[in-house]
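Presented as structure tokens, the chain that follows is alone, the form predicted on its own.
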């Protein structure tokens, strides 16, 4: 689920921080820049692990700050495909079950990846597993807040860098707001024994 990624960046330290320890200032600046941010094709950055190398610092004309090229390792959330994770149901919609890990919310379990047969209860706004037994079908509800065990089956990175308006956007109505895309999303599955709500599989 978590991994160490080697990175390189040039860190700017303003003059009023020169009295501080250089490593502490660099660590603070790196965490300001990266913590809780998604790096394209890398994952969600959590925190700095360590600094492996500092190159020479330079002060450029017209700028009293120092600029140091830093080699470092960062803790990143990037689960591998087929990894089993446990989260909580954040909500349900016709698109599927939305799951949160507490620090990461962009997880979707689509309808075809639920335990089958499944149906969406419009009144309750929850997905229901119609569990078949010898005595007939029992409805097992996927309620908000329940813990769910799922398998990661796909991931998607979206480049959210600012871009200029396209010609199509320029001619569209100003009332239409562009849909905000998540920079990093996971797709999960619970369509196998042992996966799904933990309460389904625990003995009473």
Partner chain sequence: MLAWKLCRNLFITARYKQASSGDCGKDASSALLSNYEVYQLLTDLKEQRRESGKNKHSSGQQNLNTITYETLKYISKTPCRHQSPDIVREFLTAMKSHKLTKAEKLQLLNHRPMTAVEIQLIVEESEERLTEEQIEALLHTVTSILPAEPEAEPQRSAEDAAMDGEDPA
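Fair warning: this is a prediction, and the values are worked out from it, not measured in the lab. Residue numbers count along the first chain shown, from 1.
Keep in mind that the form predicted in complex with its partner chain is missing from the display, and what follows is about it.
A.B. asks: Could you confirm whether residue 72 comes within 4.5 Å of its partner chain in the predicted complex, counting heavy atoms only?
C.D. replies: Taking the distances in the predicted complex, the answer for residue 72 is yes, it comes within 4.5 Å of its partner chain.
A.B. asks: How about residue 160: is it within 4.5 Å of its partner chain in the predicted complex, going by heavy atoms?
C.D. replies: Answer no; every heavy atom of residue 160 is more than 4.5 Å from its partner chain in the predicted complex.
A.B. asks: Determine whether any heavy atom of residue 35 comes within 4.5 Å of a heavy atom of its partner chain in the predicted complex, and answer yes or no.
C.D. replies: Yes.
A.B. asks: With the cut-off set at 4.5 Å between non-hydrogen atoms, does residue 124 touch its partner chain in the predicted complex?
C.D. replies: Residue 124: no contact with its partner chain in the predicted complex.
A.B. asks: Taking 41, 47 and 103 as the candidate spot, are all three within 4.5 angstroms of its partner chain in the predicted complex by heavy atoms?
C.D. replies: All of them do, each having a heavy atom within 4.5 Å of the partner.
A.B. asks: Quick one: name the residues from 1 to 30 with any non-hydrogen atom within 4.5 angstroms of its partner chain in the predicted complex.
C.D. replies: Read in sequence order, the residues that approach its partner chain (within 4.5 Å, in the predicted complex) are 1, 2, 3, 4, 5, 6, 7, 8, 9, 19, 20, 23, 24, 28.
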